[in-house]
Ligand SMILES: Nc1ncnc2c1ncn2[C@@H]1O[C@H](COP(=O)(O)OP(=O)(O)OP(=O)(O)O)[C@@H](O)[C@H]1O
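In the form predicted alone, a lone chain appears below as structure tokens.
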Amino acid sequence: MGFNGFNVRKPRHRPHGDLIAVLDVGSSKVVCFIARIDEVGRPTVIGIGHQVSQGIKGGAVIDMEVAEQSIGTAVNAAEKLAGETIREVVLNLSGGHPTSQTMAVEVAISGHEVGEGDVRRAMRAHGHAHVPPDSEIVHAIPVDFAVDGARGIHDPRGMFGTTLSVDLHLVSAATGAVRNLMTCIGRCHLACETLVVSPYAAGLACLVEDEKQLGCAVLDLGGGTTSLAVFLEGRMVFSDCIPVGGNHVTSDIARGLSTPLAHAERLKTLFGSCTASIADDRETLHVPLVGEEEPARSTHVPKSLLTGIIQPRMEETLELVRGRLEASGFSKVAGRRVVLTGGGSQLQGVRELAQQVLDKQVRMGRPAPLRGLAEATAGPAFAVAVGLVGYAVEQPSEAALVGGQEEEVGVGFFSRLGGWLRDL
């Protein structure tokens, strides 16, 4: 069963004046962008809302009522700023234990010209994939087409042959996690237009075209999860998610220094670093103790102690990423290029640590400029939301080729004639 059971529709053509609403539901924050399409098809952000995430852990809903309040508050703020009411959103998926696999499909085309119906028929053949139990397919991305064994074809329409082959990159996620998220969105009186895994959106926002073509890995360091995606020849060919993120670093600091979580987050943001320096022992930090109301009961610790808590956790996270890449076989496909994004990428020294652990060239990724977006909401922490806007506007190949139509399209003359008339 695919996501059509959840009333998820693929992105459609965006006319002038059309509204796009995207929702990034993460473990640390909920972000809503509302954008309007101008006369040349470019989006301009007219409404922004973001709220501290509650009821979400590891990218999954753990408290429906509290999560609904967080989402509703962010959406209402964006609607109030935009002066518009939204009904549908392009939604991210950061949890649900997503899995990635590549499947080869071959269909007969009987020597006639490859048409839209043939491509759609091949794309729909992913129903025979070995999807993990209790999982749903989120993405079916065509990685490579072949006609009569001739590979490397990006768009086979208009070509002639007897067989059409396609390598599909399938991304699936746990049904329960997706249903919970959809139910939460529905309780906010919203419908999901389409669902996009977070690293896919982050890659669309932060990677330049050459990186997508030549091979690159994007690493989204979020609050509850660290997700990664590998791009090659302009398409995502692998994705994965690790249930460890910046919130775990904050918890380590709170436990290690016996300080409240709010102060631990502040210490991490203002003074945290992934790499030690000579001056760390000379610099002291004021640390309030948990449960103590009197300022006199606070303590002072050297900055080196804070670094000593942060560095091992970040090393462990990056080693898990390296292990997942190597186990997947896509480490070489990604080449020697890694782009870091997400809120966790703003931690001091994370780039140097990533270069050391991953043994690759690492750069910091900021989302591409989006008109109407303020500087405060244009940083790496908002990369997924920016990528969702890009996904909705650009309509990636999976959406354009599948087309979102549910009727079965044949390969006969009248079927091809009907498809030609629809295209015309």
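Predicted, not measured: the structure shown is a model, and the values here were computed from it. In this text, residue numbers run from 1 along the sequence as written.
Keep in mind the form predicted in complex with this ligand is missing from the figure; the text below concerns it.
Contact annotation for the candidate site: G115, V119 and P156 all lie away from this ligand in the predicted bound form (no heavy atom within 4.5 Å). Only one of the listed residues (S239, S172, T225, T317) places a non-hydrogen atom within 4.5 angstroms of this ligand in the predicted bound form, and that residue is T225. The contact residue chosen from S298, S258, T99, Q346 relative to this ligand in the predicted bound form is Q346, the criterion being a non-hydrogen atom within 4.5 angstroms.
Residues placing heavy atoms within 4.5 Å of this ligand in the predicted bound form fall in a single listed stretch, namely 242-250, out of 100-108, 81-89, 285-293, 242-250.
Interface residue remark: K360 is not counted as part of the site for this ligand in the predicted bound form, having no heavy atom within 4.5 Å. Within 4.5 Å of some heavy atom of this ligand in the predicted bound form lies at least one heavy atom of G342. At a distance threshold of 4.5 angstroms between non-hydrogen atoms, P43 is out of contact with this ligand in the predicted bound form. Contact check for E211: no non-hydrogen atom falls within 4.5 Å of this ligand in the predicted bound form. Residues E265, K268, T269 are the ones in 262-289 with at least one heavy atom within 4.5 Å of this ligand in the predicted bound form, listed in sequence order.
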